[in-house]
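Below you'll find only one chain, the form predicted on its own, shown as structure tokens.
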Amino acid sequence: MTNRILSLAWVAFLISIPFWMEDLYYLHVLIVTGIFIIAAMSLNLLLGYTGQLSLGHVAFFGIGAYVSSLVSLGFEIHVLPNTTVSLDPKPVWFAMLVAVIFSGLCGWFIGRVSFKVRGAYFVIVTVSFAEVVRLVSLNWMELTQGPMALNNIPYLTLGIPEVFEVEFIGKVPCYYLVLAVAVFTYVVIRRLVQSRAGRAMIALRENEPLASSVGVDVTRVLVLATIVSAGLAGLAGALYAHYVRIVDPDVFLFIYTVTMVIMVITGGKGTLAGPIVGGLVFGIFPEVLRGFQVQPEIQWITYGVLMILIVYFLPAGIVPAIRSLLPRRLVEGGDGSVEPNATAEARS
């Protein structure tokens, strides 16, 4: 009950921000941070709950951005000398749905291929996949416009045309859209990790041979986690595309994956709140330093030092450290953390 009250209070605070935050630039920072928090939550499902490190997670983010953009803009490509494939522009909500499905299918493919060779091999497969997708987006000029980028991407509109429509254009509507998607992502991941499949994921992370010996289908569970993780990352990418309204191959930069990993590790991997806390810290902290008119070099050195200090003094992350200081009744079962009998529950 206490956890629910605290969660509702936190959501109420986030809802109130546009009412008292007058500077739209800071609202923009919160929007971009929120989008990457969604991507970090999707990565946490793999890294935190199954123990699989994906260093190519930005591929799903970028795929979601490109697919949603292309479906909403429409395209025409020549696959053979006398064969043309074209698609008329579709509504943005439909384009975002296609982006989630397509990203999930890419996650299924990567999972089926790479989870037969986990560990370092899985990392290599994901990094290679991200690089291949980046090169495709850079060189397939007819479809993606390459370095010239896709621009004038339409914004999201919901409702009945000429009757009632809500347009998500401008900082405040986009902020609420990102907040709603972040809450949706949180609920989806929470329900999954607290289900039988989620307990199986945790069991695999803790002791894969033991989990396999009690009947957990290793490949099936890991592929499921990859599909959901990729789909949610694609949703974050689609949000990004329709917010900035321009997408180029830089959306696949490796630094974005590093940013997601930092958010998960420093916040506390394997906890639902970890990517949120880590995302807020490392999304807002550079702007706080900029407010003090710190030189860019000093800003990023301070950023790196903060990350090192958190990892050194709080190796489990910020959220587990805070939980250890709070009364047990405030944190029991509140964040999907590992229980000692996860393997037994996964079997039941």
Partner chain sequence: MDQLLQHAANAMIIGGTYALLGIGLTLIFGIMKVVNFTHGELYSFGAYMMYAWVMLIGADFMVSLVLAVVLGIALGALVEFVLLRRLRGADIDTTMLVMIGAWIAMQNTEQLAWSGVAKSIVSPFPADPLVLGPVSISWTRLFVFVVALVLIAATYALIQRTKLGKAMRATFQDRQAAALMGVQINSIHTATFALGSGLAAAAGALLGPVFVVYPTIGDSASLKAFAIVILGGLGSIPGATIGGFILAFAEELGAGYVSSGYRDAMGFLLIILILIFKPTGLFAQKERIG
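Being a predicted model, the structure only gives us computed values, none of them experimental. Positions refer to the first chain, counted from 1. In this text, rigid core is short for the largest set of C-alphas that superpose within 1.5 Å between two forms.
In what follows, reference is made to the form predicted together with the partner chain, a form of this protein that is not presented.
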So in the model of the complex, is the partner chain close enough to residue 265 to count as touching (4.5 Å, heavy atoms)? yes
At 4.5 Å between heavy atoms, is residue 100 in contact with the partner chain in the model of the complex? no
My question is simply whether residue 79 lines the interface with the partner chain in the model of the complex - judged by any non-hydrogen atom within 4.5 Å. no
Check residue 128 for me: does it contact the partner chain in the model of the complex (non-hydrogen atoms, 4.5 angstroms)? yes
Assert contact residue (the partner chain, in the model of the complex, non-hydrogen atom within 4.5 Å, options 105, 183, 258, 172) equals 258
Heavy atom within 4.5 Å of the partner chain in the model of the complex - the one residue of 124, 143, 73, 158 that qualifies: 124
Identify whether the partner chain in the model of the complex is within 4.5 Å of every residue in the set 53, 295 and 311, based on non-hydrogen atoms. yes
Mind telling me which stretch in 135-143, 84-92, 230-238, 173-181 gets its heavy atoms within 4.5 Å of the partner chain in the model of the complex? 135-143
Once you line up the core, how about residue 280: does its CA shift reach 2 Å between this form and the one not shown? no
Would you tell me if residue 300 moves between this form and the one not shown by 2 Å or more at its C-alpha, with the rigid core held superposed? yes
Tell me, please, whether between this form and the one not shown the C-alpha of residue 314 is shifted by 2 Å or more, with the rigid core used for superposition. yes
